[in-house]
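Only one chain comes next, encoded as structure tokens, the form predicted on its own.
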């Protein structure tokens, strides 16, 4: 996916108008269900809760926020404002009036909550994945946005919701997470301008960054050591741009007494390997089922690889669900690499 194609995936004026009209018509008296993707990261959870708090400021009384799968909040996000609005999947309304979906590129990422969409009177999708399938009745998808929180801030502004410190903290966590603490290529002047607006509400970015990026259990450190120790390097892969990969099992988590969310940060030390462009981490979810995270430094469009294997994402960061053994899954990645060179 080229930068030009990503930039062309943007909401039209009619999309913004439709979203505002839909929310103003249905939210004040209806039941509003907000959903983000399975195993939510900072952008998914922060964007969803930030918008929920914005709706609460508008006087919307009947709000639920949820995500599919096991109802567990990763420890780095356990202090986010708005957590009181979260309910487990099974407690989410089955026939809401309005569904708002955050950071989800395809209905498959909604798991058992996908049936809430046809049951609702309207669905609005807020996302920044260029691979978004356009499954909502109203789709606010901006492929040039660094995070879904960028789309959320824009919609809150169009709804005349002023930022307060709680909304700002949620959106800041979302923005910082998806920009790698403002280190990734999507960190534009506009990203820093948005961060400045959020910080101006009174939040403390240093404290948030320590909580999100610089706090990890000792057991997680030991787990990372084991998993990094089995990493494999192939400098010839991806047309000579190189690939490094490793995998983590449920047995690894159990041995070190860790929860699955700690593995979300594992891609960071792997992608730092100097000899390669592509990094891959394969994380076991169940017997024969693995979550695959991929990163690129620019030579390979990993979103093309992910889409070809049933997933999605961005040019430099993408993922999919794999089946089989780690070797079989990485073999499938190899099979798509040469067609994904930029």
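Positions refer to the first chain, counted from 1. Worth saying up front: this structure is predicted, and the values here are computed from it rather than measured.
Quick note: we don't show the form predicted together with adenosine monophosphate, though the next part is all about it.
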Practice item. Go through 313, 68, 42, 54 and name the one with a heavy atom inside 4.5 Å of adenosine monophosphate in the predicted bound form. Key: 313
Exercise for review: Give a yes or no for residue 317: in the predicted bound form, does one of its heavy atoms lie within 4.5 Å of a heavy atom belonging to adenosine monophosphate?
Suggested key: yes
Practice item. Answer yes if any heavy atom of residue 293 is within 4.5 Å of a heavy atom of adenosine monophosphate in the predicted bound form; otherwise answer no. Key: yes
Check your understanding: Is residue 22 close to adenosine monophosphate in the predicted bound form, meaning a heavy atom pair under 4.5 Å apart or at it?
Key -> no
Exercise for review: May I ask you to check whether residue 116 falls inside a 4.5 Å heavy atom distance of adenosine monophosphate in the predicted bound form?
Suggested key: no
Practice item. Within 4.5 Å of adenosine monophosphate in the predicted bound form, counting heavy atoms only, one of 24-32, 270-278, 58-66, 305-313 shows up; tell me which. Key: 305-313
Point to revise | Sequence-ordered list of residues in 127-141 near adenosine monophosphate in the predicted bound form, where near means a heavy atom within 4.5 Å | key: 129
